[in-house]
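Starting off, we have a lone chain in the form predicted alone, written out as structure tokens.
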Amino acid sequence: MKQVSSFTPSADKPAITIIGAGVIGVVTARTLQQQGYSVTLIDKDDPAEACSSGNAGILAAYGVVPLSLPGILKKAPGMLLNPSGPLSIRRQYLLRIMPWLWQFWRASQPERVEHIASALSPLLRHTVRDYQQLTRDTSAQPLIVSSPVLCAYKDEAAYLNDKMVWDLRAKHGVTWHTLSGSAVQEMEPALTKDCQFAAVFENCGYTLNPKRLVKSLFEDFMHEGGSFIRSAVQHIRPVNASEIRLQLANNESYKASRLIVACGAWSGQFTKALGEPVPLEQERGYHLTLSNFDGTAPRYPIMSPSHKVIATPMETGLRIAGMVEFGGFLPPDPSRATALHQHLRSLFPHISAGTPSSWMGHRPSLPDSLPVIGASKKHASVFYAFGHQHVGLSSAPMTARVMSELIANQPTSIDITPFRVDRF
């Protein structure tokens, strides 16, 4: 017997089409569906096959600090010369990325950094609460863990050396407490004793499996009457204020009433075709997951500012993620995975053996560390939700809420002016 959806589409609401079945697209689809919209997702791959599966899984209420900070120009050469360092630009890609790097440097000016943090704070502040509400009484509920996140340092002096970053977090509502000496290992016995100081973020959490989380939400969406088309979108052509024509990979024409572009690193090709180009880069992110190892995994997620990585205990093993590399769609660099493995061994010396698996994906990155969230300035039926860089998982619920408010022509819960598509 066919099950009747508890979210019956309303006849007086427009049908919504979303390009992109990652965490932003799926959470947005589920949110709109719960509000009575008929929603179709379109993606060239299965749901959660890109960065939505490969991230560190952190619900980072603390993630208000942009990548580009004052002094970045002085630090970049040293980082680039370190083969296992956190920042890398593939030689073949350097000339192509120079205009983006110029805007990235401009975003490091103090007044810009303050502006960016102010914009990110409301986007992230309630991420754990929002996921708990989103997954309540669903199969995804056990995948959300409310948890502290430890930011581990060698000593207090190293922590104080990051004073600018911590002051920025404090100004924008991030809360934490500090531990020193033996108290660090008492809270996290798996962590190396070389870390004698830690800042413990509050109001945070993580997911036990980012990919399974998004797939579970997608399955709920489909169970309640949602639609999914697996196909690459070749072309977008707005017809009028209430119709957009999409040409799919099989030359089939698809008509949409309202369109949301939420396909991460691939979104730039569509904004350009729509006459609203943005400087979107494919920042290559790496992770390594160690399974079946000897020893005990950490109780909590561990961030290491010195290594620029974060390690998260997941149901698939211990995942360590980090490394910022710019190289477009060139093949992965295997030395990045090797470096991550070394960092994992350094942080957790009691862990040995195990089976490592590595991953590389393309984070959608704009030079000011802010996503594009809002309505098209040129096409009344087009909306954008992409470019979330390192905070896509954390910001998905608020992004989805804003999308639903825009489509309903309601005031938005947060100020989205900083995320406008024409800001560059």
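Start at 1 and count along the sequence shown; that's the residue number. Note that the structure is a prediction, hence the values are computed from the model and not measured.
Absent from the display: the form predicted in complex with a small molecule. The rest refers to it.
None of the heavy atoms of P397 is located within 4.5 Å of the small molecule in the predicted complex.
At a distance threshold of 4.5 angstroms between non-hydrogen atoms, A321 is in contact with the small molecule in the predicted complex. Proximity of P367 to the small molecule in the predicted complex falls outside the 4.5 Å heavy atom cutoff. The small molecule is not drawn, but in the predicted complex it has no heavy atom within 4.5 Å of V64. Only one of Y93, W100, F270, Y159 lies close to the small molecule in the predicted complex, with a heavy atom inside 4.5 Å, and it is F270. When the small molecule is considered in the predicted complex, only one residue from F201, F218, Y153, Y286 comes within 4.5 Å through any heavy atom, namely Y286. Heavy atoms of every residue among I19, C51 and H388 are located within 4.5 Å of the small molecule in the predicted complex. Of the candidate stretches 375-383, 66-74, 29-37, 359-367, only 359-367 has residues with heavy atoms within 4.5 Å of the small molecule in the predicted complex.
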